[in-house]
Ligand code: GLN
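What follows is a single chain, given as structure tokens, in the form predicted on its own.
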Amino acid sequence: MTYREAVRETAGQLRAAGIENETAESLFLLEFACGMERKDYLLSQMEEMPPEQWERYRAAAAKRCGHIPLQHLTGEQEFMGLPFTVNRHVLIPRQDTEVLVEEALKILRSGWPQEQELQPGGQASGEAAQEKLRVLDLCTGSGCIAVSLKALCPQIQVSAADLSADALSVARENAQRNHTEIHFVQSDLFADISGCFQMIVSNPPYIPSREIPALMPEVREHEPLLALDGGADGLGFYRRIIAEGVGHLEPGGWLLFEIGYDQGEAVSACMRAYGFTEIEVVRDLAGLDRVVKGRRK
């Protein structure tokens, strides 16, 4: 069997198992199982695949057909151009969440609260040195938000919290992997958080409990329920973070959330009720509501 035939056969197996984007996934599995880059495949696709590679490829494909996430097989996911280790203890970083990071970076680089502007890479314009702004990432999971913010805006001081000790272990590994210094805290939201911050960001659990059984098996069976279940209406964590966050956010500070596509108005209303201003709902590339941000008076 040639490499090309193996990829076609594997794509057919994935399609039969209900896996979407089966051709792309079959190529990702090939790269993982055989240690090949895409250019290697293109150059050797008509060559015969060695039996030991075929066995590794078949084993990986069988696991993927069982709806184990591709990222759990490879152990990695890219986010904001950075590599992140992932496993069953954390949510797999998703492109949608990059919108939250990008919105936070816009604020951090805008000259707020200082007059000088931070350039890409975190360099401050003008002669004045940028004071370290304190940023808190709640429900950090893999640490993808906290690590990305620190990597792309080095001047800031980042803390990250999660209730799960297993998730924090993964987040610490990712911080080290990407050469970022972050203060990690095991905490039930603000329970063990001290001090105030100029910015709080969070991608909390926001899926209503009743919708969990209908999720894709990759999510429902392999990603942590603790990071998915947002309570009866999916808004429980937003209410807690907004109510408790006022005491940990400096006047003029920013609060930014990732949200579900239908939660923009509800989260905005809750922020307004606690006196937040400049509230804005930001859409993702698909045109869906994805981020809510606002400032404490």
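What you see is a predicted model; the values in this text were computed from it and never measured. One rule holds for the numbers: they count along the sequence shown, beginning at 1.
Only in words, not in the display: the form predicted in complex with glutamine (GLN), which the text now covers.
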Sort through 185 to 193, 204 to 212, 69 to 77, 171 to 179 and report the only stretch with a non-hydrogen atom within 4.5 Å of glutamine (GLN) in the predicted complex. 204 to 212
Please tell me which of 107, 91, 82, 156 lies within 4.5 Å of glutamine (GLN) in the predicted complex, judged by heavy atoms. 91
Partner-contacting position among 227, 99, 133, 152 - heavy atom within 4.5 Å of glutamine (GLN) in the predicted complex: 227
Residue 139: touches glutamine (GLN) in the predicted complex, heavy atom cutoff 4.5 angstroms: yes
Does residue 147 reach glutamine (GLN) in the predicted complex if we count a contact as any heavy atom within 4.5 Å? no
